[in-house]
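Below you'll find only one chain, the form predicted on its own, shown as C-alpha cells.
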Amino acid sequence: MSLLQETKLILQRYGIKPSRRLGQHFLINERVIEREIEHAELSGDDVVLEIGAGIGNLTKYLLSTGCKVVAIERDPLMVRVLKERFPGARLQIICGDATKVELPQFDKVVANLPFVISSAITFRLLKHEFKKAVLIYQKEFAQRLVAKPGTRAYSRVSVACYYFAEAKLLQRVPRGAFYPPPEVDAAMVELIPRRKRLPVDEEFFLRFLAALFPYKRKTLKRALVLAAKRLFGKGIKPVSIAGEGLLERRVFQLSPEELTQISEALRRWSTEGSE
C-alpha cells in the first residue's frame, strides 16, 4: 500500500477533513521523507522534536530509526490518531500550539512545518540548544532563510537566521508530495545552530532588524532615520552611526556583520543620549 493510499484510509477512518487554515497538508512522498531522515543523521540516542505531526506519516519513519520522538500536534483528533497508530512506541505526544507550549529538551528537529507558523516556530527553536534541524518550509520562506546580501530574497529573516544558525537549502519539494497539495511548492532546509554568534546585543539587534528592513530598498542613511523613529520616537543624524561608505548603500546590500556593527552603534547612541 502506498503512503497516499494509507493516508486516505486513515483520514476516512477518523472522519478527518484537512484544514488549509491550519496548514494540514500530509507528506506522502516516501523518498522525500527518507531524504529528511538521511540528512538528520539520526541514531537511537537522539531525542527528535517533530512539530505538526499530523497523522504520523513522518513520525513512522522517525520511530523506525530507534530514536525517541517528541511530537507536538495542536489538533486533538490528530493526537488520537498518533496514539492509536503507534501504541507502545518511543513517542511522547504534546497536544498544543508549538508556538506557545513549553518546549521539551531535544537533540534534533525533523518536521514538515505548517507554513502558517514557519517564522514564529523557527526563531523560537533557534533560541534553544540542539544539534541540527531538517525542516520543510514553503519554498519562498526557505529561500529567504538562506538568501545572501544583495539578492531579491534577502530580508530580516535572512539576517536573523544567519545570526542564529548556518542554513543550507537541501532540495525542492513539489506540492504534489503532499495530500492535499498546497498551493505552493516547498523546500527542505538544514539548520545548524552557531556555537559562536556575532558580537551584538541580541534583543536590540532583532528589534533593530524589524525596524530597519521595511525600508530595505532605501539607502542606509534614509532607513536609519525612519528606523530610529520606529524604535525611539525620534530621528537621528545617520553620520553618527555609520560612515558615508555604508550610509549610501541600500539596506539589502549590507552583510549581517555590517548590520551588527550598525546595530551596536545605534544601541550605544540610544543609551548615551546622543543627538
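So that there is no doubt, residue numbering starts at 1 and follows the sequence shown. Source: prediction; values computed, not measured.
The same protein also exists as the form predicted in complex with a small molecule; that form is not shown, yet it is the one meant from here on.
Highlighted residues F164, L212 and P256: none comes within 4.5 Å of the small molecule in the predicted bound form, counting any heavy atom. Residue in contact with the small molecule in the predicted bound form (any heavy atom within 4.5 Å), chosen from V134, A98, L198, I93: A98. M78 is the sole member of M78, V109, A142, V159 with a non-hydrogen atom lying within 4.5 angstroms of the small molecule in the predicted bound form. Heavy atoms within 4.5 Å of the small molecule in the predicted bound form belong, among the stretches 114-122, 200-208, 149-157, 185-193, to residues of 114-122. A residue is said to contact a partner when one of its heavy atoms sits within 4.5 Å of a partner heavy atom; A223 fails this definition for the small molecule in the predicted bound form, lying far away. Although the partner is absent here, R267 sits far enough away that none of its heavy atoms falls within 4.5 Å of the small molecule in the predicted bound form.
In the predicted bound form, at least one heavy atom of I72 sits within 4.5 Å of the small molecule. Contact annotation for L49: none of its heavy atoms lies within 4.5 Å of the small molecule in the predicted bound form.
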